[in-house]
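Before any questions on how it binds or moves, here is one chain, the form predicted alone, in structure tokens.
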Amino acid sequence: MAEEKLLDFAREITGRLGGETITNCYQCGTCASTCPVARTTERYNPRQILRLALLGQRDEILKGDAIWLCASCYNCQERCPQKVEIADVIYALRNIAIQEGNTPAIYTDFATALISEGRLAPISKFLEKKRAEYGLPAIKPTGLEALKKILAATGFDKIVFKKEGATK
């Protein structure tokens, strides 16, 4: 029974776009030794994430913050002797986490700003003034209505706000 649960998570990951190669990992550690994020914090270790995922530690992976620390530099993926597409596996894990409502608040904040303003950060009057002083063109409107149509067509707007307590 417990072994079946382990395999279920591995199957779920391999069934996702980007997660197909996770079972090729034999835990050599090349990914962790080349990861710039792993050098700066013990909170992120790609080898450990893959190990936990293969051991079926679903909640620890999807509810933790480690998968969100990957810088997507692809060093791990380029050097993996088993051709595990590690950065892509991390994306697959993030997608599962998002679908289950485990989105870090900062991503929800970015999504909220994108949906309501068409940008991740507002453009201040100060910035607009500085652009003019430097001879830069004015920032163009975002095309918010077109963006909202795209986000609605992709289901992005529904996925982002799935997290309990978040409002649209």
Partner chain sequence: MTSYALFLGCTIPARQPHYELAARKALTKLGIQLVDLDGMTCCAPPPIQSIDLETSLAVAAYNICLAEEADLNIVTLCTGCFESLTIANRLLKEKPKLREKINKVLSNAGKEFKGTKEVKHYLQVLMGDVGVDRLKQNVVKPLKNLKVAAFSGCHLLRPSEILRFDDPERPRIFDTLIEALGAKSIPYKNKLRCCGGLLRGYADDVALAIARDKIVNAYNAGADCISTLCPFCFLTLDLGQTLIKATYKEEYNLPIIHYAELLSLSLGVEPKELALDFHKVKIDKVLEKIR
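Residue numbers count along the first chain shown, from 1. Just so we're clear, the structure is a prediction, and the values are computed from it rather than from any experiment. Take the two forms, superpose them, and find the largest set of C-alpha atoms that agree within 1.5 Å; that set is the rigid core.
Just so it is clear, the following notes concern the form predicted in complex with its partner chain, a form of the same protein that is not shown.
- At a distance threshold of 4.5 angstroms between non-hydrogen atoms, Lys149 is in contact with its partner chain in the predicted bound form.
- The shortest heavy atom separation between Ile159 and its partner chain in the predicted bound form is within 4.5 Å.
- Not displayed here, its partner chain is approached by Thr40 to within 4.5 Å at the level of heavy atoms in the predicted bound form.
- Interface residue remark: Ser72 is counted as part of the site for its partner chain in the predicted bound form, having a heavy atom within 4.5 Å.
- Along 107-135, a non-hydrogen atom within 4.5 Å of its partner chain in the predicted bound form is carried by Tyr107, Phe110, Ala111, Leu114, Gly118, Arg119, Leu120, Ala121, Pro122, Ile123, Phe126, Leu127, Lys130, Arg131, Tyr134, in order along the sequence.
- After superposing the rigid core, the Cα of Ala146 is displaced by 2 Å or more between this form and the one not shown.
- When the rigid core is held fixed, the Cα atom of Gly101 travels less than 2 angstroms between this form and the one not shown.
- Superposed on the core, the two forms differ at Ser116: its CA moves 2 Å or more between this form and the one not shown.
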